[in-house]
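Next up is one chain by itself, shown in structure tokens, the form predicted on its own.
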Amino acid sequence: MDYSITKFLWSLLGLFIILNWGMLMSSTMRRVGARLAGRIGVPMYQPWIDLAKLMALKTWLSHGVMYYIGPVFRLVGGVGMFLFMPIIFGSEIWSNYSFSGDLILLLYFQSFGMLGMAMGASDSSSPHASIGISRGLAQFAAVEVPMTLAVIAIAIQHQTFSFNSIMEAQQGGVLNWTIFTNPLASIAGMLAMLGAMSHSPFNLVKAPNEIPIGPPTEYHSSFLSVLRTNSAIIHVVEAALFMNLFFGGADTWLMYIVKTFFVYFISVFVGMVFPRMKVEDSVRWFLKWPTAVGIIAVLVAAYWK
């Protein structure tokens, strides 16, 4: 079989695994949150039922073209991050389409979905769309500052923007992980992760305690199923992004599942402990402490030899 077709089929299989792991992880976290609140929670299989139900529904609402393309942009952002990020270190079949400099491309894909949803919301008829756009883009811009600084510090440390090279530099033991060799960049990156995962206290776009709760209200039927599919994928992929950068990556599927669960649980745990911030407080927080740590990390990486 042609190499390109084989590569595509392995990537497709990996995407299928990631999608199902993301939905399982989502239902697990929902049950954890429910137990902490004294409830039983949803069945473990609930995300699959919701996805099938939404795909079977139709909508009679009519909006602008970008309203319908928005969820597609969102899904492309998550799938694009998956396709250009190595899954298992040292494995040719699970390396996806990673290449030298793939880390820069992944940062672009990370913003792709948010910008697509902003354009989709701007073409809806909801009077609350502008609120969601301003909230989402303001926080996203604030999150990207410490995240980019952390990535620059790591790139300076390892002299590369290649995920495989950064993962390779972290092999040989836990003490070689970036969280130990570059703690300042790790702190800035992990604090930025809390905003990237969009859990409380930084879930400003959905704002689940308010009447207009963002995309889940405006999008429904098959459009919401696309967003739910992306949500399952993006949570695993973003957890894998931080795992590869700070926790040594994974050399087996078991290690991949364990580490992504741990990274994802950090954001969920913080969300269960802290209430949601206001928009201005969230933006101010990211541009203050995580950014300050990120700047110091870059200076230390550049001048500390």
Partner chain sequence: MVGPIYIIALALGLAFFLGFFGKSAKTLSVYLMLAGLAAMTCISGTWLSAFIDGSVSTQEIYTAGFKPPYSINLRMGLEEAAFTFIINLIGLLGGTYLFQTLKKAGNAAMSVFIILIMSLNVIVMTRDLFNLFVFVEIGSIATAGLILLDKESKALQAGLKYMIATGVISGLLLIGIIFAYSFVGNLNIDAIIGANLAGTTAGMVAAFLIVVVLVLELKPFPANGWGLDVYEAANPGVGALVSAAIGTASLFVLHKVLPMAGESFYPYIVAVGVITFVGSNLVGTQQKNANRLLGYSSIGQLGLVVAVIGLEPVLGTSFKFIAFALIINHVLAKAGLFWISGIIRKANISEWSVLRTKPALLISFLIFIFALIGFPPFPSFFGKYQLIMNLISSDNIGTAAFILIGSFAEGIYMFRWVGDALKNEVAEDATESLDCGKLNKVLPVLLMAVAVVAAGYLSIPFVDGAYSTYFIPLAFIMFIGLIDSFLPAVVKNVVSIAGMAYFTYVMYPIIEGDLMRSIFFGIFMIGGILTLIPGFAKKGKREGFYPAALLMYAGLATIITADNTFGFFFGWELMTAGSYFLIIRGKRSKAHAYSYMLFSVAGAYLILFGFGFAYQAIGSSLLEGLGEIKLLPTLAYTALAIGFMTKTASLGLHIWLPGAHGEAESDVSPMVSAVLLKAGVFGLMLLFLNMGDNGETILYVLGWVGAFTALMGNLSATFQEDAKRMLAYSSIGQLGYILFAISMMTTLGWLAGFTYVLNHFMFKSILFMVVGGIVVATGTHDLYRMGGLIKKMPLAFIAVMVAMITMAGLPPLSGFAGKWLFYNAVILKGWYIQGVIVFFAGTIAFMYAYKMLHSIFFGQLKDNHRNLKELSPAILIPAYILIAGIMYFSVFPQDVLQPINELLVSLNLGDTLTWAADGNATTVLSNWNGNAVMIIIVTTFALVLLYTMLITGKTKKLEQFNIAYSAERPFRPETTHYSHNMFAGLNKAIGFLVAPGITSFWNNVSTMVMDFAGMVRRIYSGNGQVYAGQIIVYIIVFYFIALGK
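Numbering follows the first chain given and starts at 1. Predicted, not measured: the structure shown is a model, and the values here were computed from it.
Another form, the form predicted in complex with the partner chain, is not on view; read the next lines as being about it.
Note that among 186-194, 168-176, 85-93, 116-124, the stretch whose heavy atoms approach the partner chain to within 4.5 Å in the predicted complex is 116-124. Remark: F265 does not count among the residues lining the partner chain in the predicted complex, judged by a heavy atom distance of 4.5 Å or less. The partner chain in the predicted complex is not approached by F180, whose heavy atoms all lie more than 4.5 angstroms from it. Although the partner is absent here, V283 lies within 4.5 Å of the partner chain in the predicted complex, judged by heavy atoms. Among residues of the shown chain, M255 is not one whose heavy atoms approach the partner chain to within 4.5 Å in the predicted complex.
Residues of 84-105 lying near the partner chain in the predicted complex, listed in sequence order, are F84, Y97, F99, S100, G101, D102, I104, L105, the criterion being any heavy atom within 4.5 Å. Relative to this form, F180 and S100 separate from one another in the predicted complex, with their C-alpha atoms ending up at least 3 Å farther apart. The pair L12 and G101 is at least 3 angstroms closer at the CA level in the predicted complex than in the present model.
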